[in-house]
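As a starting point, one isolated chain is supplied in structure tokens, in the form predicted alone.
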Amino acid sequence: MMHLFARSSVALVLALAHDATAQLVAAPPAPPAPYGPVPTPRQLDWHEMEFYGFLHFTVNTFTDKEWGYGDEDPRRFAPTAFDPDQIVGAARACGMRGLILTAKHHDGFCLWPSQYTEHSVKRSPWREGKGDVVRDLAEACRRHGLKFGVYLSPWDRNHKDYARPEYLTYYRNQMRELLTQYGEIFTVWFDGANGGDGYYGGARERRRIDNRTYYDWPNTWQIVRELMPQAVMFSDVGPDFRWVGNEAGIAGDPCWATLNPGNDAPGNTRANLNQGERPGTHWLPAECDVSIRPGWFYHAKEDQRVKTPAQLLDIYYKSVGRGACLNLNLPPDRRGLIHENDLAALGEFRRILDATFATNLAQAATFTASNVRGQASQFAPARVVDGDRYSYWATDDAVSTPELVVELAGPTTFNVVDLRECLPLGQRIEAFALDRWQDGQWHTFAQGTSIGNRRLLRTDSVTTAKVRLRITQAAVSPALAEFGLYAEPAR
């Protein structure tokens, strides 16, 4: 009986050990640890937008200027057929996901009836001084499913106290108005133009400020954080996204999402804004701002100089396609509408984009990876075509230069490759190459460096039955969220 009991006890121990081992083997591997700076939730929301618009609209529209001096008569602001639904509808139709209005440009004229100044729409004949452009466009954005943001110029060439401590109180009071009276605001956009000659309440003089200290940026930004916690803020150095360093809408190649801003301030930076910096201390991705016309405000003389659909496509691929967001300016005309020429260019631009990205030619392909993290299904290569930007193909920690072979259903022709990393894990990939299978061997047809939020590569037309993605350099194990092959329509 004693021997029987001992044998039973041993069998039980062995069975329990086997079960524990089986559970250990079956346990899924941990996801990769994030690398370097990573985006905040508000930054991730911004990254998902990819394409939104600017609306430059103020007295400059009626004085035919780009920068007003600050002495403009509010009665000059008199749109004859202002239609916020036409403006927002045009933005939505071309694929924008939000609009940013110049609520106050450098001239100081306010497009809302601010209680802190008379230099606003309440002194305009438009709607007998009862109008509110900010409210009309904010509500139109909500009706059309777009996000709404505001541009509030730090420089004010109208206000008598600009460059004095009292102006900062005025500026912050106006910011509070915009952030408490118009619903959800997705961004507050801070321009880097600060100080110079202006009206300044009749002084008509030149005033200079130290843009590193005058606005007390940390405490000014904190107002936005308190009143609109999910809003992202723009300036040369963020704090949430940065200027790309030009007004042509072109990001660098590479364009890293990280930067080393140090103690730089808006309008005063030594950082490499166009390409970013790697390694970087902060996640500060780039926005590419550009106007559909030569100027930022509407000028009739530019009606025949609207960017062509081909130019807009080139900008899209060199902004969104390099991991940045595109902020395309659509200036309303003196009627208060987006001009017909602008609408025509936007329509054809959108038609080409829609036709290009209608079908992912890799959707039904077979994916084979040289390494899969823990051989687990949640990190399998097919994750790159599941439509979820937060699921991904990942490798074991020790594998930083893997390969992914995409076997198509048959010979397939494409000229656009679409890649995306899983951003919550940081920007991990530093270089890659793409090969096509031809005549029994691989031939490289494209290569690049940064991927980040999105990388679009326009190539010569490629026809092949197999494509290979090689990660040739990575700081840590890659985490690729999306892979796509697309064909632009014939034009």
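Counting begins at 1, following the sequence as shown. Quick caveat: nothing in here was measured; it's all calculated off a predicted structure.
Although it is not shown, the form predicted in complex with a small molecule is what the next lines describe.
- Of the residues given (106, 383, 242, 322), 106 alone sits with a heavy atom within 4.5 Å of the small molecule in the model of the complex.
- Between the options 428, 47, 454, 56, the residue in contact with the small molecule in the model of the complex by a heavy atom within 4.5 angstroms is 56.
- Stretch 98-106 is the contacting one of 98-106, 338-346, 140-148, 403-411, since its residues have non-hydrogen atoms within 4.5 Å of the small molecule in the model of the complex.
- Although the partner is absent here, residue 247 lies within 4.5 Å of the small molecule in the model of the complex, judged by heavy atoms.
- Within this chain, residue 78 is remote from the site of the small molecule in the model of the complex, having no heavy atom within 4.5 Å.
- Though the partner is left out of this view, residue 289 does reach within 4.5 Å of the small molecule in the model of the complex, counting heavy atoms only.
- Under a 4.5 angstroms non-hydrogen atom cutoff, the small molecule in the model of the complex lacks residue 418 among its neighbouring residues.
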